[in-house]
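One chain comes next, on its own, written out as structure tokens in the form predicted alone.
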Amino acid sequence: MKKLLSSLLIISSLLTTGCFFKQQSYQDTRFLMDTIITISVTGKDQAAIKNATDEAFIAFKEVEDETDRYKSHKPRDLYALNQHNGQGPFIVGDHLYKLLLMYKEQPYTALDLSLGPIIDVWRTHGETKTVPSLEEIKTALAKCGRDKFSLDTTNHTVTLTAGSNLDLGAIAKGYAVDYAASVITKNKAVTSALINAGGNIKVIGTKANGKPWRIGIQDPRNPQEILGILEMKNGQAIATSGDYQRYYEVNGVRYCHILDPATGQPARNAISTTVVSSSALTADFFSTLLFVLPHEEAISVVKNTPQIEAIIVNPKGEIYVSPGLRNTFTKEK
């Protein structure tokens, strides 16, 4: 299930003409990949930076069409792959194959892309504000698991077992942000940019005054407040997973959209996880993984994964900030 991430962006200076003497700025916002995407670009030529922004949105659309499991877009997209379950190898598009290959190379089982059947169960019950029975969950989970699909690296095919159904909501937006950023950086007229896909953020270049980008991390229990400010450098990406955006309540119990593959139930080991990396895909992947893992195990993963830094808020409201962020993250008083 696609997750909607939320961060308060502090980017007013990006659009202040006085801060970019002899530079042009352009911003566009569109709804793609089930979220609001805003791209802000600064550069030497107005027409060129507008073109770079338009091309970045085309990149987002490419990824959306290939990874949408709910609607058919292309002959080799995720929808078509899921419809082909139980029928042997299926040739998929390049974006989809790259995402599945990256996932297969990861050793972690707490993030599972085969949870389509159990996601559908919770999605249906969410519409009626009810809780699925243990039998419903058990039946759906039997169709899930990393062993439910395989990849042929020679022919670039994917084989799904009968009844299986993949969902790339945990990683597709991060991948799309990286792809859009690569499109923007190819345009030599661009000097800086910020891409925000529903909280999956990547920055390109630096602000005109040489200071870092400043991103506010939302307080997961107070939408009007922030936990603190995170400074980001050129090329860094950030992703946040939380239980406060897509959820429903039954008898005072919150059921969020991020599911634990081991139980088929909403994950409850954290209320917010923010990951910083040079790759938006990596940040997206690990923000979901850390949300599902037990708190101490999540911290251990952060310590043993040099590509990431993290801010984790456990159910008690206690905040863990990894050592690499302690000089760039300022807690709100």
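Residue numbers here begin at 1 and follow the sequence given. Bear in mind the structure is a predicted one, so any value in this text is a computation, not a measurement.
What follows is about the form predicted together with a small molecule, which we do not show.
- 169 is the sole member of 132, 220, 93, 169 with a non-hydrogen atom within 4.5 Å of the small molecule in the predicted bound form.
- Proximity to the small molecule in the predicted bound form, defined as a heavy atom within 4.5 Å, singles out one entry of 227, 141, 184, 119, which is 119.
- Contact check at 4.5 Å (heavy atoms) against the small molecule in the predicted bound form: none of 269, 310 and 314 pass.
- Under a 4.5 angstroms non-hydrogen atom cutoff, the small molecule in the predicted bound form lacks residue 178 among its neighbouring residues.
- In the predicted bound form, no heavy atom of residue 41 sits within 4.5 Å of the small molecule.
- Although the partner is absent here, residue 274 is not a contact residue: none of its heavy atoms lies within 4.5 angstroms of the small molecule in the predicted bound form.
- Although the partner is absent here, residue 288 lies within 4.5 Å of the small molecule in the predicted bound form, judged by heavy atoms.
- Looking at 57-65, 43-51, 301-309, 280-288, the stretch with residues near the small molecule in the predicted bound form, meaning non-hydrogen atoms within 4.5 angstroms, turns out to be 280-288.
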